[in-house]
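One chain is shown next in structure tokens, namely the form predicted on its own.
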Amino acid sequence: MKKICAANWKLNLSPEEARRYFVEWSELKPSRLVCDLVFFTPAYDLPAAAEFAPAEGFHFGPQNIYFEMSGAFTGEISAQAVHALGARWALIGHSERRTLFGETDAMIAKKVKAAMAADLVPILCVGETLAERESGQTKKVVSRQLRAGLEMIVAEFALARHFAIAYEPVWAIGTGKVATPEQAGEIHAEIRVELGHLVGQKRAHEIPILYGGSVKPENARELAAQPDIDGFLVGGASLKPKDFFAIANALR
């Protein structure tokens, strides 16, 4: 499988800043990279990404979608609309959506299904809080989130459509802390086993599992060496083109 390096800009970079970013990105000769690249930008930066993506060979998508196509849902965006703009991926269930905006497993499952129905590739995020890790609940929490997030699409889409999982330990997001390569690798292996129960062993080994949680140029290569880490979901470090390029370059 081809590895994936995804950038999550969160609520950063104006449209003009995004354009300057992609100009700088192009100067780094990203065609030398061997992984797939995905930029998850704020909604107002999607047109800038659409402008540069064809020439630079990357993919892009929203950081969130709603599970309805249209209607009285103020502030939401639809999977169909971003697909029409040229987006081909969608980030779903990020821990900040769960903790800050109250998204439940049931809502996230509907969003995964909506993404696939609109021909977007969803990256489903799963991960535990510090309290859950310290109480020995990591595997239980990740398994619950994974099963809940995929249960609506297993029969209809999971065997035929591309999708990915991102493991992001909540305690390592934006804190400067990072799971050791061994800790991350252990949970990625558990996710692979759980995927096997859901979609079969062969299909489970075709699904990329990304690591997210304070990934930096300094730790990317060691994390990438773990056998079940198939790429990265990068937050703060993705805001600097040179740092994001270095992280992506670690995926060989």
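All values derive from a computational prediction rather than experimental measurement. Residues carry their position along the shown sequence, with the first being 1.
The protein also exists as the form predicted in complex with 2-phosphoglycolic acid; that form is not presented, and the subsequent description refers to it.
Checked against 2-phosphoglycolic acid in the model of the complex, the candidates 118, 107, 146, 172 yield a single residue with a heavy atom inside 4.5 Å, and that residue is 172. Contact annotation: 2-phosphoglycolic acid lies within 4.5 Å of heavy atoms from the stretch 208-216 in the model of the complex, the single such stretch among 64-72, 208-216, 43-51, 185-193. By the criterion of a heavy atom within 4.5 Å, residue 234 is counted among the residues contacting 2-phosphoglycolic acid in the model of the complex. Although the partner is absent here, residue 10 sits close enough that one of its heavy atoms falls within 4.5 Å of 2-phosphoglycolic acid in the model of the complex. Mapping the unseen interface onto this chain, residue 111 falls outside it, with no heavy atom inside 4.5 Å of 2-phosphoglycolic acid in the model of the complex. In the model of the complex, 2-phosphoglycolic acid sits within 4.5 Å of a heavy atom belonging to residue 168. Residues are counted as partner-facing when one of their heavy atoms sits within 4.5 Å of 2-phosphoglycolic acid in the model of the complex; in 91-129 these are 94, 96, in sequence order.
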